[in-house]
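Have a look below at one chain only, the form predicted on its own, in structure tokens format.
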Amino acid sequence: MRSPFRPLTVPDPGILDDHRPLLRRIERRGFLRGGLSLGALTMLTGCDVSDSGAVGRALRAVSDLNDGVQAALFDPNKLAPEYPASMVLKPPRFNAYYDVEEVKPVDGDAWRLELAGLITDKRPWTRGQIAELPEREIIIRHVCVEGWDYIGQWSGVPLRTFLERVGADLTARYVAFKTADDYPSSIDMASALHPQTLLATKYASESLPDPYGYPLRLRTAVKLGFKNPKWITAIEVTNSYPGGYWESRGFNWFSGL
């Protein structure tokens, strides 16, 4: 007996070729374990799989739903595991969209952290001013979307402490970052306020080396590695979706752990 759930005509799998980046974005977060069948896509969305525009919209809707589910499941009070200093990788593993030889060091003395958006005090910050803020250390696992990980030891001011100090609207939806290497990124406010989210200035108790984000980078225990921008030059608090470098190339935005 033929299953009533099997389409009468099996669609050509090549229809999805234009949407492989978005498929990978969904699969990375485990929403589609084992792959996506075109028949299932048809039943779930009612779209005509011969219409590539309809397929793209359907896949984006599934990915957006995945973001929403992750946000709903996120517990802002749950701490990620921490590890002994004996497990820390020294130096940490470099990762970026370019080779380490292409890193352009930032002049720490001339560097300023600019502020924008829903923040009361938008005066720029110097490296010395940030060093005067309360510091916290976390020893956490860095998890890369590519499948590798390491234990890292990071120190810096909790992002929540900094946002409170500058009068940021903590009810806003997003915290966005600009960087010296043109790597825009953003996270949700709940993750920004998590106690294991830092504006890091040190690694293994030493000032951040140039390749790892000197003088300031994000380091959070609740996101995949690519959500931790280095060489931060500006922070914006906003209710408008800011996206990010890899998100514009098909990666999942929430990307929580």
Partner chain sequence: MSARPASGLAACLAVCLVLALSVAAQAQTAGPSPAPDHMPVPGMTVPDMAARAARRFPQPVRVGDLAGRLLLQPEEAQPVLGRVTGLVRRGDAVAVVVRLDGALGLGWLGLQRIDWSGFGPRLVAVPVEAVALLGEHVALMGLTSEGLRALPSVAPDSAAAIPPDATIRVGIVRPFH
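Owing to the predicted nature of the structure, the values given are computational and were not obtained by experimental measurement. Residue numbers count along the first chain shown, from 1.
Separately, the form predicted in complex with its partner chain exists; it is not shown, and the next lines address it.
- A residue is said to contact a partner when one of its heavy atoms sits within 4.5 Å of a partner heavy atom; L89 meets this definition for its partner chain in the predicted bound form.
- In the predicted bound form, its partner chain lies farther than 4.5 Å from every heavy atom of S155.
- The closest heavy atom approach of D64 to its partner chain in the predicted bound form falls outside 4.5 Å.
- Not displayed here, its partner chain is approached by Y212 to within 4.5 Å at the level of heavy atoms in the predicted bound form.
- Contact with its partner chain in the predicted bound form, defined as a heavy atom within 4.5 Å, holds for exactly one of E135, E82, E146, D169, namely E146.
- When its partner chain is considered in the predicted bound form, only one residue from D75, D107, D121, D99 comes within 4.5 Å through any heavy atom, namely D99.
- The stretch from 172 to 180, 90 to 98, 108 to 116, 158 to 166 that comes within 4.5 Å of its partner chain in the predicted bound form, counting heavy atoms only, is 90 to 98.
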